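Next up is one chain by itself, shown in structure tokens, the form predicted on its own.
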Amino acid sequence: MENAKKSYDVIIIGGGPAGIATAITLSSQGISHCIVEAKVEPTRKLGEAIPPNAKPLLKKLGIQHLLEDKQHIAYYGNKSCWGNNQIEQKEFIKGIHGQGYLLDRLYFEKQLRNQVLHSCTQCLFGYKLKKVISTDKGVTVIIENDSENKTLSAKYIVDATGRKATVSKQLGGIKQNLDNQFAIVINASLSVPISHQIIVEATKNGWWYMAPQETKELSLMFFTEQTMLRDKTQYADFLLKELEHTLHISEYTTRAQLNFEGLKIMPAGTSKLDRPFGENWIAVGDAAITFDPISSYGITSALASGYYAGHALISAIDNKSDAMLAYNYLLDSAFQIYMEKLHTQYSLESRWENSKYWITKHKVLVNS
């Protein structure tokens, strides 16, 4: 078994949007770095919407042109049924940034990979993180695939491992969950195409998110408390009953073929590291903070955290001692604004005063 060793200024564990945004930022200043990603090929992730206010960030990262590809679709607003029985339209076009984008998410992941493959980033795809060791000079990282181990070293390591925050936890970070919201995810096939718009609808036991994926394909997610989830063998019946309670989304799903074989369940609540950095590490994206999907912070916040973490690392390598503290302040401020908006959003819904989901959600937000 081969054991090779190489040194960098920064090692990034995770090749999603947050990790790649960090790499793009480091590349802009010639900082030596490496991305380690477990998956050989990109996979489709959840989250399709890029809101209009993300455009300045995309321009700073130099990736705005990626969204102009015909695979992605102009996105002019959302429809929502929240707080009353009516479906309401929120238009983006009145804002200063114009329309947003609905992504072909798998294609976007491939675009991001190509972006770093054509830069000075070294990419190690198909390697899993085995161990991180903190040293006086930085970190030593052991990674492996099916045929070999590699030992890498760096001054800093970036945790872009998503909600699990694998690196941060190994180096002393503690992930705090504010709630136990989970999502059940399924796809559906339509007999006729529909307009490319996201629809959100609250119900007694949670809320639904529906977004077109392809011309005749839908992504459906139902968000509820973990305690309300049945045995996996009952998920299909559970979702069908929940769909019956929708006033608007059921208009689409009754004409669709639901794919329960591809059903997934995953955490979808708010969580936060007790600190987003340590002596020789920094966390980005979901590893630092996970946002409730109702906030639409997902992809944009991942890219933003990578961009600002990259600049913090550039300053830290230049021996500017307050660089990480500035990043910490930025994330704390953003999280506070997010929590205020989240409280406002959930407070708008009061139709089900005796619902376990809504009682729990309101209680969590009041106490946070």
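Residue positions are given as counts along the sequence shown, with the first one as 1. Keep in mind it's a predicted model, so treat the numbers as computed, not measured.
Form predicted together with a small molecule: not shown, discussed below.
Enquirer: Could you tell me which of 171-179, 237-245, 265-273, 82-90 sits within 4.5 Å of the small molecule in the model of the complex, going by non-hydrogen atoms?
Expert: After filtering at 4.5 Å, what remains is 265-273.
Enquirer: Since exactly one of 223, 75, 156, 277 fits, which has a heavy atom within 4.5 Å of the small molecule in the model of the complex?
Expert: After the contact test, the surviving option is 223.
Enquirer: Can residue 150 be called a contact residue for the small molecule in the model of the complex at 4.5 Å between heavy atoms?
Expert: Flag for residue 150 set to no.
Enquirer: Does residue 45 reach the small molecule in the model of the complex if we count a contact as any heavy atom within 4.5 Å?
Expert: Because a heavy atom of residue 45 falls inside 4.5 Å of the small molecule in the model of the complex, the answer is yes.
Enquirer: Taking 4.5 angstroms as the cut-off for heavy atoms, does residue 297 touch the small molecule in the model of the complex?
Expert: So residue 297 counts as contacting the small molecule.
Enquirer: In the model of the complex, is there a heavy atom of the small molecule that lies within 4.5 Å of any heavy atom of residue 302, even though the partner is absent here?
Expert: Yes, residue 302 lies within 4.5 Å of the small molecule in the model of the complex.
Enquirer: Would you confirm whether the three residues 13, 127 and 293 all fall within 4.5 Å of the small molecule in the model of the complex, going by non-hydrogen atoms?
Expert: Yes.
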